[in-house]
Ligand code: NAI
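In the form predicted alone, a lone chain appears below as structure tokens.
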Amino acid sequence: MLVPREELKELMKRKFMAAGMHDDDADAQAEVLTWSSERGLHSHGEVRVEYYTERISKGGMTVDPQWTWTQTGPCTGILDGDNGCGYPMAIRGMEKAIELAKESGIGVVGVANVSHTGAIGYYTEMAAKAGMIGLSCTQSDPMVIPYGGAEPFYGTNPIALAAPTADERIVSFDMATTVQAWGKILDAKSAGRSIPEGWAVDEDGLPVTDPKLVNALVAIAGPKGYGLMMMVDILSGVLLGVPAGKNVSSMYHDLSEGRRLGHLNVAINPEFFCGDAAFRAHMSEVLDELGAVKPGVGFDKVYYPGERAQMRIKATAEAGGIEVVDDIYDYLVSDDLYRRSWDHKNRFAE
């Protein structure tokens, strides 16, 4: 069913507050989830609410975190989230990175000891809207084999970038470092369909097309994706002094425990390089040139990263709301904190 954007946000916020979150943090978390949903990224939108609400209500997220900010250099700092919700902490971290970049040209902020931070493209777009280039990366729990391995070691470890232009356009790139998301495999499993070879492997590390036999996901482009996963883990894990690699905590193992995840935000101020106006003008020129490229067979044009997301936002607004499945809407309007328990599940929520 179609749910207006602000109604959906308020329903999600109400759930988080019912579980114990304060108004401002609940609002921030609901905003990022709504941002994802209106772009069609439902795997990082309203479908997450019940899981978060259960974790919050069981004590797995600190609802009144005593977070601390430590500036460690002219353009660096650490925000320790005290096991608070990752969304508002990552927002605060990017705000700090932007402040540092305004003064020093670049801001690099580690956000440590937090829970899941969701779709990290939200934080890089914060930087772009402030006239900066934004970079973010974050850890996730192990479900991907390293190149040459047969058992999970790294998570899907996403990376994101956003940049402003001389007009309203924003380049926004956000990707996991796996060939395919686990959600796609769950869809195939529930529909009784096979999956393409190269998406996942079984317990022996062998390619598998039966989604029921999947034990781990596969990195994009073999050793290249594996290297990117390691890069993300170094920058958002090892560098920040939190558990890394195969020791990153499980999303579902025990919802009463904190996760101690790491997340890195970077803001780069173009004024300290080629100049703000020149950078924005050049970015707009590049996007115009990309749009003029002859499209390949089966394509109508070359889209810049983030362009189709903006098209989906426009379509959502014109339709009068965000499409939400009936079961999730029924849960959101109910007084239940959660209905299906996510606790003590494996890395694939099974």
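None of the values given here were measured: they were computed from a predicted structure. Don't overthink the numbering: it's just position in the shown sequence, from 1.
Although not depicted, the form predicted in complex with this ligand is the subject of the following passage.
In the predicted bound form, this ligand lies within 4.5 Å of some heavy atom of T117. Not displayed here, this ligand is approached by F173 to within 4.5 Å at the level of heavy atoms in the predicted bound form. The closest non-hydrogen atom of P65 lies beyond 4.5 Å of this ligand in the predicted bound form. Taking the partner from the other structure, this ligand in the predicted bound form has no heavy atom within 4.5 Å of any heavy atom of G60. The stretch in contact with this ligand in the predicted bound form, judged by heavy atoms within 4.5 Å, is 156-164, chosen from 89-97, 210-218, 156-164, 233-241. When this ligand is considered in the predicted bound form, only one residue from L41, L290, I313, A281 comes within 4.5 Å through any heavy atom, namely L41. Although this ligand is not shown here, in the predicted bound form the stretch 300-327 places heavy atoms of Y303, Y304, P305, G306, R308 within 4.5 Å of it, in sequence order.
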